[in-house]
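Below sits a lone chain in structure tokens, taken as the form predicted alone.
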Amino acid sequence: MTLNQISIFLENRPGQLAEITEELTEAEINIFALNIAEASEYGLIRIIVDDTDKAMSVLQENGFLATVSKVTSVGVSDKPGGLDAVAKIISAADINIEYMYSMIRQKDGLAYMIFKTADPEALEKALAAKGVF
């Protein structure tokens, strides 16, 4: 399933995550997935939330630089080899994974992974052809 992901660019300093979570909490926005990456001076937080438009508004009103991009959520069997099966489908379709991370929620024995690719629709098509969706 294609989802909207918010990427927030910030200084690499203490308290930045708390500032973001406080604003989102006050706006009653729920975070389903979160990934933090860092460089020496700057950080990047990627989140998936229950209301992307509202979250973007809140973040921008509070001076955060944020963008929205498309990512793909894939249910992966939560057992040894689950991710391997999906990775092989993606590889066979010649789709490059730019990055990935996991979601907080699990359902029906599936762990949900977030994949960022150049073409989310091609990824969904390749996975659906193998019965993953």
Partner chain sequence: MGKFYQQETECMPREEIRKLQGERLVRIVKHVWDNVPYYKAKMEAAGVTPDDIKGLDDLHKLPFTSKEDLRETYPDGMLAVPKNQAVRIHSTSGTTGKRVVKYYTQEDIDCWSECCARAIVAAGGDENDIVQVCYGYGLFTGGAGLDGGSHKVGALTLPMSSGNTDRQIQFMTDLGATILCCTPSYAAYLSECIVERGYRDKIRLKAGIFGAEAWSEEMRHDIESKIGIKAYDIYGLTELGGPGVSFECEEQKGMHVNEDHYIAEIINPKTLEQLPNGTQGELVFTNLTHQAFPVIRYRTRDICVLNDAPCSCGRTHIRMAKPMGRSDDMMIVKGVNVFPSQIETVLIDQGYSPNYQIIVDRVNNSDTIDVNVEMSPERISDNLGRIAEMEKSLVAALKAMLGIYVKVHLVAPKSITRSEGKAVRVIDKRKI
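Residue numbers count along the first chain shown, from 1. Small disclaimer: the values here were computed from a predicted structure and weren't measured.
Keep in mind that the form predicted in complex with the partner chain is missing from the display, and what follows is about it.
A.B. asks: Which residue, D84, D53, E38, E28, is the contact with the partner chain in the predicted bound form, using a 4.5 Å heavy atom cutoff?
C.D. replies: Selected option: E38.
A.B. asks: Considering non-hydrogen atoms and a 4.5 Å limit, which listed residue (S57, Q106, S69, S91) is close to the partner chain in the predicted bound form?
C.D. replies: If I apply the 4.5 Å criterion carefully, the residue I get is S69.
A.B. asks: Since only the chain is shown here, I'm wondering whether G75 would be in contact with the partner chain in the predicted bound form (any heavy atom pair within 4.5 Å).
C.D. replies: So G75 does not count as contacting the partner chain.
A.B. asks: Just to confirm, S7 within 4.5 Å of the partner chain in the predicted bound form by heavy atoms?
C.D. replies: Flag for S7 set to yes.
A.B. asks: Contact with the partner chain in the predicted bound form for G63, defined as at least one heavy atom pair within 4.5 Å: yes or no?
C.D. replies: Output for G63 is yes: heavy atoms within 4.5 Å of the partner chain.
A.B. asks: Is there a non-hydrogen atom of D119 within 4.5 angstroms of a non-hydrogen atom of the partner chain in the predicted bound form?
C.D. replies: Although the partner chain is absent here, D119 would stay clear of it in the predicted bound form, with no heavy atoms inside 4.5 Å.
A.B. asks: Could you pull out the residues of 38-59 that have any heavy atom within 4.5 Å of the partner chain in the predicted bound form?
C.D. replies: Read in sequence order, the residues that approach the partner chain (within 4.5 Å, in the predicted bound form) are E38, A39, E41, Y42, G43, L44, R46.
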